[in-house]
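One chain comes next, on its own, written as structure tokens: the form predicted on its own.
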Amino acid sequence: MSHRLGLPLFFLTVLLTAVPTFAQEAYVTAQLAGEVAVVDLGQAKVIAHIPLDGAPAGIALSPDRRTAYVTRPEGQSVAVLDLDARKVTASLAVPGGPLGICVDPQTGTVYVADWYASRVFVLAPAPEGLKQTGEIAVGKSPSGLAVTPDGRSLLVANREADSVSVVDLATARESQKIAVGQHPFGLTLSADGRRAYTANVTSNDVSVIDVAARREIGRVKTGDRPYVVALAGGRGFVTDQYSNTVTAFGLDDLKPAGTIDVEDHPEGIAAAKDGKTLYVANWGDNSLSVIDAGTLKVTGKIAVPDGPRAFGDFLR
């Protein structure tokens, strides 16, 4: 993984409930610029800057899509952003190395992975922004997180343990570990919650997990150093950091469907609401690549501030 800031840095499922209609925007954690950049995807340009120190990395949105929660690993905290006002409204100190983050689509509870301490913090929305209500023991170096659409289980990619923890949220305890590829980082759930996908950094593949059966059911080869997976149009798309590519694969046959050349060091990736377009944050090029999910072609490029990471749920 990346060692640029001395800390290896880094999706939430599609919501099943109705949410307000917004113009599609991207909220890009620009780590080196110290901000979250607001990108109007229709205009293909940055329209606002939300200053945020502490090397912002992971991001997740509330169920109503009006609030963003951003991890600050160098600031040992989680920031709360009002997306309509485009400002930071609160911050909660958390110890260790807060990185991966997700939100329960049912309750709005926020889960934050501590890279250093084999645990996940449980944070609840509160009048003051957030409050910590507990922590859950998981595997070594937790990174990507996702809550199943029914709100019953939390899945955690344990990078240094080559596993995915399944947490029973009713008891807030790990109920099982699922063996996957080497050094899983990003973790993505299908919209129905039946399958999970981990980007395995050092085995250069994606593990496909049957969530109900609690087991890996397949692997897909990728480019060099895969980071995170997005799903669109019956395909999976994984960013390959060191290959400067996105690998596409079929969700039914789990076979590679093509390779898309993007810019330097692609990291975060997400699909637009219509499932036809993907956006990729390129760390080394300070840009978002725009990909047509059907043709597997790059159709545009949007300049963003320095060090875009966008690890998590960054589109609304």
Partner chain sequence: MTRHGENTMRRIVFAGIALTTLVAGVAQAQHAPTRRKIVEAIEIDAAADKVWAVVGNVKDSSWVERVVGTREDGDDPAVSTRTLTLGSGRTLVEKGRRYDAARRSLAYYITSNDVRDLPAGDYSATISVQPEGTDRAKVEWNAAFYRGYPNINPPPELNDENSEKAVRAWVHASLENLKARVEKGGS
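Numbering follows the first chain given and starts at 1. Note that the structure is predicted; figures quoted are calculated from it, not measured.
Although it is not shown, the form predicted together with the partner chain is what the next lines describe.
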Of Ala257, Ala44, Ala48, Leu32, the one that lies within 4.5 Å of the partner chain in the predicted complex (heavy atoms): Leu32
Listed residue that, although the partner chain is not shown, lies within 4.5 Å of it in the predicted complex (heavy atoms), from Gly275, Gly250, Gly284, Pro63: Gly284
Which of 103 to 111, 122 to 130, 136 to 144, 85 to 93 sits within 4.5 Å of the partner chain in the predicted complex, heavy atom basis: 136 to 144
At 4.5 Å between heavy atoms, is Ser243 in contact with the partner chain in the predicted complex? yes
Contact label in the predicted complex: Asp306 to the partner chain, heavy atom within 4.5 Å: yes
So in the predicted complex, does any heavy atom of Arg235 sit within 4.5 Å of the partner chain? no
Is Asp40 close enough to touch the partner chain in the predicted complex, meaning at least one heavy atom pair within 4.5 Å? no
Sequence order please: the residues of 261 to 277 with a heavy atom within 4.5 Å of the partner chain in the predicted complex. Asp261, Asp264, His265, Glu267
